[in-house]
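Here's a solo chain for you in structure tokens, the form predicted alone.
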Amino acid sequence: MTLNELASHVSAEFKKIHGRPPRWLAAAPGRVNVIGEHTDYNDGFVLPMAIERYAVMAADGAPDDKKLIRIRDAAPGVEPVTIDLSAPIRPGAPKWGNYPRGVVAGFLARGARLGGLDVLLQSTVPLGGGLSSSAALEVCAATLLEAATGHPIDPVEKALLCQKAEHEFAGMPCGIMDQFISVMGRENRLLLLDCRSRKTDLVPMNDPSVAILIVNTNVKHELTGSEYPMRRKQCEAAAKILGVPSLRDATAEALERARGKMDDVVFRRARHVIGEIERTVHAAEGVRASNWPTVGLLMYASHRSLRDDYEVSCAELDAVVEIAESIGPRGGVFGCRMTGGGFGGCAVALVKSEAAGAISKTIAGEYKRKTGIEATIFNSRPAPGARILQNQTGRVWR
């Protein structure tokens, strides 16, 4: 569905459930990271784009005037969330509700005096695919509350509020990339984000001859939950040994000199991050110059580093990248890499637009032959970030 179609559907479903039309509609996109993985929490650079897949919320003030925010998911079988505004807000069940709980808590901490809301959510951002469905949910909730209160907040503050919600309520120590791109995405632009200074640089991607292909492996390996925090700790350990505030300040030469002072795993984690920061800056230059072969080579190098040094890939992601590489530039593929946190989820490929359909069929067929799994493949142009789609009068502001 297009965003307009999705918004119309959610609005109609809200009216069907509640017997009245929604007063507010808000949307926020997921994202794909073209390059720059696991660099954001190391003060490095990332190069994401917002995708044409959205979380949309329709809402109206609660007619019973109770201080409850009640959120339903339009997907069948999903447990609804109730947030009691008259009590301290804490993480709880169901777990997916911790994302909007954290956002509501952030607004209250800013002095917002919220009243009750009835909310209906629908999202087309794939869950568990590494396309940041959680940030889309957080940013959509924050955008809805901006509309409902009539008090917009600074985009950077909004992104940081959503990041804090994920840290404190969902227990995920994420960097700032996902929330920033969901808030600040622009049509036909990638976002080069300096995760230390928070400076943003919109990189034009207007060339119609290329497309971004997103390949969802439709696997998400069950992990202990410690892998992401462990890698963060390993990066911090490497920075401490190198005597720098973060790996952003380290060089490949300094790392090599210090190799004997650190565990091999810590060394390899740092080698990935230092190299990935450099690759991301070069890739942005390549996109700006429409130098697609160079961008593609940097994407392949990124995947190898994530697979071998950071060890966050998996057999299914590797299979997609191998298939893409076998198609090669003659078949229309410039580059491919895993994207997102890893251990499943999605790969992203830079391809010739005219060959995107044929490439999708080849990847789907070969991936099914190798793994027995059906991939979900779609392409997207760089999309706009979060926005209020409908904002009728009547604030929920007590």
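Keep in mind that this is a model prediction, so the values were computed, not measured. Note that residue numbering begins at 1 and tracks the sequence as displayed.
Only in words, not in the display: the form predicted together with a small molecule, which the text now covers.
K.L.:
May I ask you to choose, among G102, G286, G175, P126, the residue with a heavy atom within 4.5 Å of the small molecule in the predicted complex?
P.N.:
Residue within 4.5 Å of the partner: G175.
K.L.:
Although the small molecule is absent from this view, report whether F334 comes within 4.5 Å of it in the predicted complex, heavy atoms only.
P.N.:
Heavy-atom contact with the small molecule at 4.5 Å: absent for F334.
K.L.:
Any of the heavy atoms of G36 lying within 4.5 Å of the small molecule in the predicted complex?
P.N.:
Contact check for G36: yes, within 4.5 Å of the small molecule in the predicted complex.
K.L.:
Under a 4.5 Å heavy atom criterion, is D40 part of the interface with the small molecule in the predicted complex?
P.N.:
Flag for D40 set to yes.
K.L.:
Against the small molecule in the predicted complex, would G340 count as a contact residue? Criterion: heavy atoms within 4.5 Å.
P.N.:
Yes.
K.L.:
Given a 4.5 Å cut-off on heavy atoms, tell me which of 340-348, 325-333, 52-60, 358-366 is the interface stretch with the small molecule in the predicted complex.
P.N.:
Of the options, only 340-348 has residues within 4.5 Å of the partner.
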